[in-house]
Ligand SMILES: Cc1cc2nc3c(=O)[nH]c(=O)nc-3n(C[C@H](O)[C@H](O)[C@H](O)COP(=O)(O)OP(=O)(O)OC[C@H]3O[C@@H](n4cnc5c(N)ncnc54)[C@H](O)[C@@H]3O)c2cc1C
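First, one chain by itself: the form predicted on its own, in structure tokens.
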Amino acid sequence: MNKLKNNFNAIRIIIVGSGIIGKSNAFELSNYGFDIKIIDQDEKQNSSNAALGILMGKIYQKRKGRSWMLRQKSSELWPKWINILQRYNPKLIFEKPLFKLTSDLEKFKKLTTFVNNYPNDELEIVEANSYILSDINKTFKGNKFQGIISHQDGRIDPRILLETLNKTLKTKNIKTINDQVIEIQKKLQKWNVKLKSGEVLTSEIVILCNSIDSLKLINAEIQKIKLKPVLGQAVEICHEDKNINFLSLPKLLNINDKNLITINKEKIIIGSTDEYNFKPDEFYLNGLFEFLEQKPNWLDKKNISRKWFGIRSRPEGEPSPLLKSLDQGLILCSGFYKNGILLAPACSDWVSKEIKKHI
């Protein structure tokens, strides 16, 4: 392994984008001894800010195609990643299980059929009269839910994941340059990466992980690549009702396709939206409060204690994500839509294998 690392020491890699995907690629590639730099003009504004961190692998109902294969690979790799990353931050955990509930009878029937088709995937059917739902029904007064529990799906807190990746990369001397890449140009089998500050960096490999901004650095028309922005909003609700205790709920809920994450007795997160725009729309924010047949008193916009949004990217005309070699030494790893955290290990594994074809 050391001999292999020595061979790679001379290979310079620039990763454009410091979100979860960019840093996950850096983490995976750090095992090979490459000279790695991450470049991002503003870490706080990348698409990872839209992430709630909910991972839906086994609960994913389309069981074929590339997306399913990536989910399977990531499900295999995530436990190994967490085992390594916890050495740098024990707070990083995979919270399980995930409840997926609906008040729609037809949707429940489809979920039931799905569970019965995959008896080995630790999926559990929860009917309306189940004691498991008693606290949920109490909190969401007047609503009658049914659904399934996925004991292998859950959540990785994106904030803690980024903190952990930062600590890990720091120990490996991988730094993030706070600057904007304005141009990449190939010259003599190497890539010149021009920064807004005027500095030009040279590398053998460039990996574009900067979501929709990656289109600014390539000839998207020639490459036939289209990405559209998908804005996601989320809110934190804080109530003062002494009869309501959010800690009585499961940690992770998906109710009528809205994600809910319990924070403490008084606080819960609800999100996110799908808006094909660069600016949040009040209409979609309202949707985070109108997904139940009967709305409990605490589910009110006046109880918003915090709200935020992030912009992701979704490919047009082809599946998400985009994993492509665009040129010798130029790799695109982008367009993750909602599955950046879930697919990070599998896609980083693909990139590391693809790089070896370029060198």
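All residue numbers refer to positions in the sequence shown, first residue = 1. As the structure is a computational prediction, the values presented were derived from the model and not from experiment.
Below: the form predicted in complex with the named molecule, not depicted.
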If you check D179, D121, E163, E124 against the named molecule in the predicted complex, which one has a heavy atom within 4.5 Å? D179
Report whether the minimum heavy atom distance between D213 and the named molecule in the predicted complex is within 4.5 Å. yes
So, A51 and the named molecule: in the predicted complex, are they within 4.5 Å at any heavy atom pair? yes
Would Q233 sit within 4.5 Å of the named molecule in the predicted complex, counting heavy atoms only? yes
Does C209 make contact with the named molecule in the predicted complex, using a 4.5 Å heavy atom cut-off? yes
Can you tell me which of 247 to 255, 180 to 188, 220 to 228, 100 to 108 lies within 4.5 Å of the named molecule in the predicted complex, counting heavy atoms only? 180 to 188
In sequence order, which positions of 113 to 138 have a non-hydrogen atom within 4.5 Å of the named molecule in the predicted complex? none
